[in-house]
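Okay, here we've got a single chain as structure tokens, the form predicted alone, with questions on binding and movement later.
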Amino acid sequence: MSPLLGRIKTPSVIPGFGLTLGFTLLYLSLVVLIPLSALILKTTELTWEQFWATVTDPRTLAAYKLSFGASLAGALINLVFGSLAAWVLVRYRFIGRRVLDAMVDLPFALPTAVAGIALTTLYTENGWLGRYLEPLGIRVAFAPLGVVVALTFIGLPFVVRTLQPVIEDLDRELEEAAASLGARRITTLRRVILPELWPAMLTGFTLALARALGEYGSVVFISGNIVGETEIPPLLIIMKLEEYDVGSATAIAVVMLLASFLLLLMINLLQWWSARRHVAARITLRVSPSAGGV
């Protein structure tokens, strides 16, 4: 019997490729493709003039600007401080570490409405923190800054949980070798640690961004829903549906869908390019006879 025939006849716990691929496509179609296709088809009931008037309305544009701007800001904040939190939780042992590690998952467990009420209570004019921030001219609740705070809160676990396994697998001998060769800490961080963590950091950033773009519950409480200032697209969609204006609601949703898709596509392409560069650099470092220093 040929080796190829033996591999084909080898029993497997999971069914064959054709069957599993069929179930995968069916599942993705029912859960993702068909609902999104129905959303786009519903928008075709509008004329181009109606569609354009809806998505370019000043109130809608202000909501888009706030949602994408606050989502990017929250994801970037989590990229920096979430990476630092993941490093501390993995590399250091201290009293209360397990408690802090468990607290990272709180945004996962809390209903978004509860998170919104808690943040609003904390940052209102008479709140525990708001009473000290308001005299300084820093307004969080019922302001765009509050939206950023809420999106940062709900996106933190995505960065931390994505980075923790990578940091745990990071070879400490590379850091020790860099130090023994005279590299400063900033050099070790830039040339040894960050190249290993960068793909995971981009993944965590992408997940936090995607989660922030779809957030609704926590934002509507702390934002105050001020017309043209702190409204977000999901709120406008809900308002259009309550007015039985399904066409306008789907128009706003389609623009949000397309913009989110393009943004996530660019980030994933950047992640793919970064991973390829990282692999190529490691291969070059291994085969180059002159590559011996840091």
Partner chain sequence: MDTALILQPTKPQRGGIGGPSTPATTEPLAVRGVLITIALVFLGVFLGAPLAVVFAEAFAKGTAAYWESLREPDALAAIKLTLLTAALAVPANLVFGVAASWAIAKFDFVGKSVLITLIDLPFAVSPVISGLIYVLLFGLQGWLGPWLAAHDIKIIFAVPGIVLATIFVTFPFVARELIPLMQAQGNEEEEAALSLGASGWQTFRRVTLPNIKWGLLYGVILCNARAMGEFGAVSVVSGHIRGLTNTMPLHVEVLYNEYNFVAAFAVASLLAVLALVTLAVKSAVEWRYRRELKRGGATPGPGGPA
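Numbering follows the first chain given and starts at 1. Under this definition, the rigid core comprises the largest set of C-alpha atoms superposing within 1.5 Å between the forms. The model shown is predicted, which means the values in this text are computed figures rather than measured ones.
Note that the form predicted in complex with the partner chain isn't included here; everything after this is about it.
- At the 4.5 Å threshold, heavy atoms of Y123 reach the partner chain in the predicted bound form.
- Although the partner is absent here, P157 sits close enough that one of its heavy atoms falls within 4.5 Å of the partner chain in the predicted bound form.
- Contact annotation for A63: none of its heavy atoms lies within 4.5 Å of the partner chain in the predicted bound form.
- Contact check for W52: no non-hydrogen atom falls within 4.5 Å of the partner chain in the predicted bound form.
- For a residue to qualify, one of its non-hydrogen atoms must sit within 4.5 Å of the partner chain in the predicted bound form; all three of L129, Y244 and F261 qualify.
- Only one of A143, V104, A73, M201 comes within 4.5 Å of the partner chain in the predicted bound form through a heavy atom, and that residue is V104.
- Residues E168, D169, R172, E175, E176, A179 are the members of 168-184 with a non-hydrogen atom no more than 4.5 angstroms from the partner chain in the predicted bound form.
- For S260, a C-alpha deviation of 2 angstroms or more is recorded between the shown form and the other one after rigid-core alignment.
- Positional change of N225 between the shown form and the other one stays under 2 Å at the C-alpha, relative to the superposed core.
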